[in-house]
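Only one chain is given next, in structure tokens, and it is the form predicted alone.
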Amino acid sequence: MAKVEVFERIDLRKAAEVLSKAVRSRRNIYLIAKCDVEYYGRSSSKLEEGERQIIIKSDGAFLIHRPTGHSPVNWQPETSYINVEFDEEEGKVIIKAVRSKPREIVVVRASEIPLIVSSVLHDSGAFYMYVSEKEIRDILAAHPTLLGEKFVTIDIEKKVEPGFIDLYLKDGKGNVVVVEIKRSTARVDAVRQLKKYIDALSKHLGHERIRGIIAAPSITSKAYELLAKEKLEFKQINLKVITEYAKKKTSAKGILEFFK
């Protein structure tokens, strides 16, 4: 259970004490403040006074949001330190977020802080990026052994009379392998579609053995029964593993874009 403390419309001197303690304790902090903001670093900027939402995360990330729009107007992805104090002369709470490398400083001067939420949050949940059938196909085409055998990719989206075969492979014995991919539970219609592809290929390949495979995270019992009847196969794909490969692919693409 998250530990949450809420402070509403406390005086600014008390607000500075609460924020300073929360920052030192590496708590997650959300506040609403009427403030102006200055930034110094690789460039410089000045945001005149207005009502803003400020988020300070336990790792030091510092974000200032205006009332509209999804992106912060000022932010530090990480900070070396954050200092909070009450300025007697100005009568304002001064929040200074400093980043050492590169040297950047965000200074917030708050004349009103109607709300502070200080919390300790625990989040150990794994993040899984959803992948499309096309992404699954591309990962399996590049790494066909993820299907559990030493397959070799011959073609993707191979055109046949009923449509397009997702993956066209060969196995270790030289047999043709037709793969129909589903990103969720495979049903009877997927088996029927696979059978149509195999029948169409048989007309051109003659007596050459053709293996038909449904590749999906799961399959219905009726679809599995039909697979057995048609002497076709099911290969279970692990979306978690596919997602990890997709992440690596995205990261590599990002690095290549950087060096362009």
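Numbers for residues come from their place in the sequence shown, where the first is 1. Treat the numbers as computed from the prediction; the structure is a model and nothing was measured.
The same protein also has a form predicted in complex with the DNA, omitted here; what follows describes it.
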Next on the checklist: Let me test this: is every residue among Lys21, Asn28 and Lys240 within 4.5 Å of the DNA in the model of the complex, going by heavy atom positions?
Outcome noted: no
Next on the checklist: Lys101 versus the DNA, in the model of the complex: is there a non-hydrogen atom within 4.5 Å?
Outcome noted: yes
Checklist entry - Does Ser202 reach the DNA in the model of the complex, with heavy atoms at most 4.5 Å apart? => result no
Checklist entry - Given that the partner is absent here, does Gln193 sit within 4.5 Å of the DNA in the model of the complex, heavy atoms only? => result yes
Checklist entry - Is there a non-hydrogen atom of Ser118 within 4.5 angstroms of a non-hydrogen atom of the DNA in the model of the complex? => result no
Checklist entry - With the partner removed from view, which of 81-89, 139-147, 108-116, 67-75 is the stretch that lies within 4.5 Å of the DNA in the model of the complex, judged by heavy atom distances? => result 67-75
Checklist entry - Which pick from Lys158, Lys170, Arg187, Lys96 sits with a heavy atom within 4.5 Å of the DNA in the model of the complex? => result Arg187
Item to check | Residues from 33-47 in contact with the DNA (non-hydrogen atom within 4.5 Å) in the model of the complex | outcome: Tyr39, Arg42, Ser43, Ser45
